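Consider the single chain below, provided in structure tokens and representing the form predicted alone.
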Amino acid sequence: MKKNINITEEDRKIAAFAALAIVIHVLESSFPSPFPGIKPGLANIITLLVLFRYGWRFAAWVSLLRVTAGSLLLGTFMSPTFFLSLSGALASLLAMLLLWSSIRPWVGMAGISILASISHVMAQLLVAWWLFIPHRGILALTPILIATGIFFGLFNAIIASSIEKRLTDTV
């Protein structure tokens, strides 16, 4: 028996953006890291673009699909890496939601990206501390992680803003 599945234009857009974010996520996983656990999070550029073009709900779908499908493709689903990635994604989505729904007119892409990035790395640090390394010494990484969160949050926002400007100029 054939089921009638209604795929909307919204579903297609979410799938396309999620696919792009997944490709970037998988490619980025092959980059060497000078410090364990620190990556630029380039797939978050797609999440930022989607947030500013289509809203928080779209961005949440893209982010969570990226984490889930990316972990399946990389063979890390249900592993510590998956739970760290998921906790970071959920924390950054929550930060974006709070800013998006409360003070968005006063906070631009850079502010949202930086707060989301810091939320991401701090959630990962807390989950790592709680589940894997229950020693207070891990908290010594906090200043390094906040600094890299600020740096990569700003870096990704600059790229996303540049892409957004080009998309707006061509339309």
Partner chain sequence: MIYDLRLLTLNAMIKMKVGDWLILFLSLLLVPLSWSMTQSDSGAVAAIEVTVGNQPPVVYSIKGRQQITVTGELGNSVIEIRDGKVRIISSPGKRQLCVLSGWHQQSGDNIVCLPNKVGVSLISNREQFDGINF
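Numbering follows the first chain given and starts at 1. Remember, it's a predicted structure, so these values are computed and weren't measured experimentally.
Beyond the structure shown, there is the form predicted in complex with its partner chain, which is absent from this document and is the topic of what follows.
J.: If the cut-off is 4.5 angstroms on heavy atoms, which of these, 38, 26, 109, 65, is the one near its partner chain in the model of the complex?
T.: Contact with its partner chain in the model of the complex is made by 109 alone.
J.: Contact between residue 157 and its partner chain in the model of the complex at 4.5 Å, heavy atoms?
T.: Although its partner chain is absent here, residue 157 would touch it in the model of the complex, with heavy atoms inside 4.5 Å.
J.: Do residue 16 and its partner chain share at least one heavy atom pair within 4.5 Å in the model of the complex?
T.: Although its partner chain is absent here, residue 16 would stay clear of it in the model of the complex, with no heavy atoms inside 4.5 Å.
J.: With the cut-off set at 4.5 Å between non-hydrogen atoms, does residue 115 touch its partner chain in the model of the complex?
T.: Yes - in the model of the complex, heavy atoms of residue 115 and its partner chain come within 4.5 Å of each other.
J.: With a cut-off of 4.5 Å between heavy atoms, is residue 57 one of the residues that contacts its partner chain in the model of the complex?
T.: Result no; residue 57 lies far from its partner chain in the model of the complex.
J.: Counting only non-hydrogen atoms, which stretch in 65-73, 135-143, 39-47, 26-34 is within 4.5 Å of its partner chain in the model of the complex?
T.: Only one stretch passes the 4.5 Å heavy-atom test: 135-143.
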